[in-house]
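Have a look below at one chain only, the form predicted alone, in structure tokens format.
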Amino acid sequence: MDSKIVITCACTGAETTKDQNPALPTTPEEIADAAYEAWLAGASILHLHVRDQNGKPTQDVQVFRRTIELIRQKCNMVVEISTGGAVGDTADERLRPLVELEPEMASLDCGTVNFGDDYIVNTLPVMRRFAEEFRGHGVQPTLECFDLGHIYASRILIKEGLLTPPFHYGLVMNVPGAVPYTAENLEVFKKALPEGAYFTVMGIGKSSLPAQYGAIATNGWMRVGFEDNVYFAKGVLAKSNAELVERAATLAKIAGLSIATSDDVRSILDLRG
């Protein structure tokens, strides 16, 4: 994998709205179409949030199920569901789709963090419970870390035997109230990771493009999509998630990297498939 890079597309998220970008996919059909277009452009993983009929974030299992079914009709993209949910969701609500659907991958938040004027709570007991559910259902976690301390919290779970290799981290940077994206901060995060861990760099808002360069420079993976950033350039809305994926793939190829397929991801992270 040294010559390959993995691109994740987070096409919807829980907080982005159509007012911010009218092209935001929110229905199962729109999300499936966006996932397929992103897959064709080079994304091998879809980070999946879903919305209800009013466009509001939901952890409804049936909406997740329907969306995944539609994606599966179009392509073999790895689907990573969110167990972070939206601000205010309970642990039970966040876990339900993982328990009932047993996806190949899912996100596991590794600590409490400011989220703009709100906050997301993940205590160590909550993290232990989530890790046990991931292990019991055979789901590969992406260990999402919004601050440096989250990486060290994840290492507690590793020491306790609740997490086992291969480890995949999602380094989420530039969330308002959390750690900003800088090349120096990314390097500090990388040095704190367990030896041999894979990591995806996620730059929120205006840091999205610099974070893609940072991922290439540090041998990491990239995430793009409307969950993280709705703009293609300053003041210019992206036409689609696929447009953002295509640019990320182009940058990787210019750097001499090839784009990992979904089956490459299944192999390296030992997914069920």
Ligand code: KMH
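Note that this is a predicted model, so its numbers are computed, not measured. In case it trips you up, residue 1 is the first one in the sequence shown, and so on.
One more form of this protein should be noted, the form predicted together with (5S)-5-amino-3-OXO-hexanoic acid (KMH), which is absent from this view; the next part is about it.
Heavy atom to heavy atom, is residue 200 within 4.5 Å of (5S)-5-amino-3-OXO-hexanoic acid (KMH) in the model of the complex?
No, residue 200 is distant from the partner.
Contact test in the model of the complex: residue 252 vs (5S)-5-amino-3-OXO-hexanoic acid (KMH), heavy atoms, 4.5 Å
Residue 252: no, not in contact with (5S)-5-amino-3-OXO-hexanoic acid (KMH) in the model of the complex.
Is residue 152 close enough to (5S)-5-amino-3-OXO-hexanoic acid (KMH) in the model of the complex to count, meaning some heavy atom within 4.5 Å?
No - in the model of the complex, heavy atoms of residue 152 and (5S)-5-amino-3-OXO-hexanoic acid (KMH) never come within 4.5 Å of each other.
Taking heavy atoms and a 4.5 Å cut-off, does residue 169 contact (5S)-5-amino-3-OXO-hexanoic acid (KMH) in the model of the complex?
Result no; residue 169 lies far from (5S)-5-amino-3-OXO-hexanoic acid (KMH) in the model of the complex.
Partner-facing stretch of 192-200, 69-77, 161-169, 143-151, counted where any non-hydrogen atom is within 4.5 angstroms of (5S)-5-amino-3-OXO-hexanoic acid (KMH) in the model of the complex:
Only one stretch passes the 4.5 Å heavy-atom test: 143-151.
Heavy atom contacts to (5S)-5-amino-3-OXO-hexanoic acid (KMH) in the model of the complex at 4.5 Å, residues of 42-64 in sequence order
Counting only heavy atoms within 4.5 Å of (5S)-5-amino-3-OXO-hexanoic acid (KMH) in the model of the complex, the contacting residues of 42-64 are 47, 49.
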